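There is one chain below, alone, in structure tokens, taken in the form predicted alone.
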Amino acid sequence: MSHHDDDLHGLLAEYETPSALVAACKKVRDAGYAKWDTYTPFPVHGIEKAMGIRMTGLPWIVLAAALVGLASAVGLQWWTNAVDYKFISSGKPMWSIPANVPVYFELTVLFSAFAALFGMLILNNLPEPSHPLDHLQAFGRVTDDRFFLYIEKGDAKFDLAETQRLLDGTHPVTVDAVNEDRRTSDQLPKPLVLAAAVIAVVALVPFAFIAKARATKTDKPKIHAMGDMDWQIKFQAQQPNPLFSNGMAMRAPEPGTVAMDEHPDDEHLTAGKVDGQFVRTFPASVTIDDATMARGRDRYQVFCAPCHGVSGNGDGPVAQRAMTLAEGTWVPPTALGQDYLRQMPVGQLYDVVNNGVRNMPGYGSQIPVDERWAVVLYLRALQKAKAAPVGELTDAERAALK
């Protein structure tokens, strides 16, 4: 082994088996060396203990980055949804934890991954474009069938004779002196620098076009990188469509479809109010006759009877099943014959049918305006039937009751 002391970078010991390398590691570890490492063609189980490698600070770096990512996601979602651009969607809150969990997860993982990658590189002093071992021909077998242990001259305990003696005692195949790399330039290759500069300039070109597009106006159509949303295969309103017999793309609404904002100027008819107060009379456009009563009875049995019952006693099949199951905090439906409901203005009854009350949903989107009033008319008939004195009944009606 020939070398000049000034050119020496370290000593490299070569071994034929993983077990020999592990045994050598224990001796070097016990000798107190700090600047040394091992190189193997595949992971060797237990070598980290043999080398005395302790847990690094990388997990703490990853944890800190994860918390930063989580905080960034929370702040971003809260600011964009609850502060900067408030937008109500289906009555949902401006900001809530469950709705934003996917973004929390993604940013937490993203920050953690970057911290793990770059933290590992920094803690290992990587990347290292050149190393003296690269010029040692025997070291090429490290990716094939040889195992190496390398001690750097820069170690505080390094003494050429003592270190040589220590490595010889580990029974290596060979111990080679590794000289400093005097051939590789410290400067980055000029072609690489030029290529990096060209790539950086080219990468700025799209941003320049974007800035120009935002700052200028033009009568030319915009460029569509993906035109799927602009040129969908569909028919617009008023377009012809040969599929249908009338040649029109628009279809007539299905029978029974409830129109939105029907009769917008008639507050009495559509809201059951006049000057903001609930009315006690039916609108003039609602005909009080047997046909209206029959339609109200039909709509009542479809929409109201399942909970309130056919007679309005609050004993419909839904209520009966809920009482049988006895689950949760079930509140029985209101009995419709109570005095306070009989005294309630018809406009307020209409408002309940239209908009709902407490747990009862509104049916304004399912029942047309005139049929909502028909339900109110039938409800009034039910209430009157429940409160009618026996003396007001005919002999035939009394006999029917018996």
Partner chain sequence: MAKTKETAKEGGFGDNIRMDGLASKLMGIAGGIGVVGLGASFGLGYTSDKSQFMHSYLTAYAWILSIGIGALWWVVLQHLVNAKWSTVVRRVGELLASTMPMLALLSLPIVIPALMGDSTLYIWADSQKMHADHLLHKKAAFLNRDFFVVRLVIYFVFWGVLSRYLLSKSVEQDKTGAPEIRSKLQALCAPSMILMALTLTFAAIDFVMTLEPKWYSTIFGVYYFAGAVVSFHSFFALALMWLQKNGRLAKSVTSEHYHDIGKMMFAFTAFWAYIAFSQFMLIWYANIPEETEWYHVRAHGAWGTVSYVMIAVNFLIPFFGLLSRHVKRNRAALGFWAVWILVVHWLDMFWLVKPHMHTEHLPFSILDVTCTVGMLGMFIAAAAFSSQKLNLVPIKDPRLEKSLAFENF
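Numbering follows the first chain given and starts at 1. These numbers come from a predicted model, not from an experiment.
The form predicted in complex with the partner chain exists for this protein as well; it is not shown, and the discussion that follows is about that form.
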item: Close approach of residue 99 to the partner chain in the predicted bound form, 4.5 Å, heavy atom; value: yes
item: 4.5 angstroms heavy atom contact with the partner chain in the predicted bound form for residue 90; value: yes
item: Candidate stretches 199 to 207, 283 to 291, 101 to 109, 247 to 255, one within 4.5 Å of the partner chain in the predicted bound form by heavy atom; value: 101 to 109
